[in-house]
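Encoded as structure tokens, the following chain is the form predicted alone, with no partner shown.
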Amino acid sequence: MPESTTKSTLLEPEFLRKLEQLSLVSRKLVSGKIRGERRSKKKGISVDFADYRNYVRGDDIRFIDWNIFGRLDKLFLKLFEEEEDLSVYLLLDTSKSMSHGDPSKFEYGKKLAAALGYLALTNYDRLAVTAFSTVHTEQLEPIRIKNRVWRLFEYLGNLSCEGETDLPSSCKDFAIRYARRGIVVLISDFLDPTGYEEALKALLSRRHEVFAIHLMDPEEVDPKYGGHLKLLDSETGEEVEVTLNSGLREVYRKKVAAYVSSLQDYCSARGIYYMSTRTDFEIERLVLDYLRRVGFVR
């Protein structure tokens, strides 16, 4: 798929230029295997002084602070901040329930993944993407160079929306496949009858820094239709008939709000950064304003 065609179907060029001024923020330690563009709290050899420690026989004497030795008659070793690369993992739910809405949660999720992925590659982060449902689990193997961004857009552009949600199995498989610590962004509608707890636990088991982005269609939050309806589960095909009046609509709204609140509380109690957004909220505002305001990007 040509690069220009793929780009234009996902993100506007002006938005891409704005993204190039930002970077993802990691608030925890991450481990990198090569020297990159990021600063870590790990002590190594670089140009930025970080701290001192007592000299131990066998240490490199080039890093002894002789000025302190002259004053205190004790040997101290200078420590410096080390530059590391940051691993960024995007997990995108591609189950059938994500096809709901206009724009669909699936299309919105792809654009959000494209924006965050582009932002990562612009800053020379190591990027990997996994699309998951019960039908398929497809990976974009790690890339790190900005001129490979066309692979990200092509990968996202070729994805399809099918199958059921299986958050626990998908996240467990991901945790086994990617042990290297980094930022994990899980983009999903979290409509899984088996729950979300085991899935999030699996991501935390690898000590990743986890961001959960909960996508909702406006009609799912506040349905406008009413009367006697036949509802169809988009993933299982199960049908149910209901008569939706104002009272039942209010009960539904409260249940949705309670679910969102419980998911948010679960994430907050475990150090997971949670955010919910409706698909009628502009992607540019979400990334450039909201995510910047909460400290996810800078």
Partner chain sequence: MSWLANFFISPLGILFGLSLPALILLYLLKLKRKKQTVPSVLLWRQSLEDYTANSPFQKLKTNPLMLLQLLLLALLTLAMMRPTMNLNALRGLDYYVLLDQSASMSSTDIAPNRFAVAKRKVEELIRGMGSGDRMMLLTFGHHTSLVVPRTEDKGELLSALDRLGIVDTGTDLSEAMTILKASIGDHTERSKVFLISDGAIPDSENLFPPAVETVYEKIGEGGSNVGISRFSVTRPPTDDAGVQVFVDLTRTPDRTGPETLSLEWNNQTIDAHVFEWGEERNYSHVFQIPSVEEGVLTVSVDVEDDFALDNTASAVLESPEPIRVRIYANGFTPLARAINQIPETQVQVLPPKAYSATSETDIHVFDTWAPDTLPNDFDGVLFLGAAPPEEVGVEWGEPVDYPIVLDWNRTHPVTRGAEYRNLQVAKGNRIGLSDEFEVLLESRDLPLIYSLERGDRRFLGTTFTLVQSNWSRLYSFPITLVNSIRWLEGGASRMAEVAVFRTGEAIEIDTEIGQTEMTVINPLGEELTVSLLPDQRNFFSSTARSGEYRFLYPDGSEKVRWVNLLNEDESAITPTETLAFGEEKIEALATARPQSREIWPWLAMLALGVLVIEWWFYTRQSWV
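Predicted, not measured: the structure shown is a model, and the values here were computed from it. Positions refer to the first chain, counted from 1.
What comes next is about the form predicted in complex with the partner chain, which is not displayed.
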The single option of 100, 111, 151, 126 touching the partner chain in the model of the complex, heavy atom within 4.5 Å: 100
The single option of 74, 136, 177, 228 touching the partner chain in the model of the complex, heavy atom within 4.5 Å: 228
Proximity to the partner chain in the model of the complex (heavy atom, within 4.5 Å), stretch among 112-120, 127-135, 204-212, 189-197: 189-197
Non-hydrogen atom within 4.5 Å of the partner chain in the model of the complex for each of 223, 249 and 252: yes
Partner proximity in the model of the complex: residue 256 to the partner chain, non-hydrogen atom cutoff 4.5 Å: yes
is_contact(residue 241, the partner chain) in the model of the complex, heavy atom dist at most 4.5 Å: yes
Non-hydrogen atom contact residue 234 with the partner chain in the model of the complex at 4.5 angstroms: yes
Proximity of residue 245 to the partner chain in the model of the complex, heavy atoms at 4.5 Å: yes
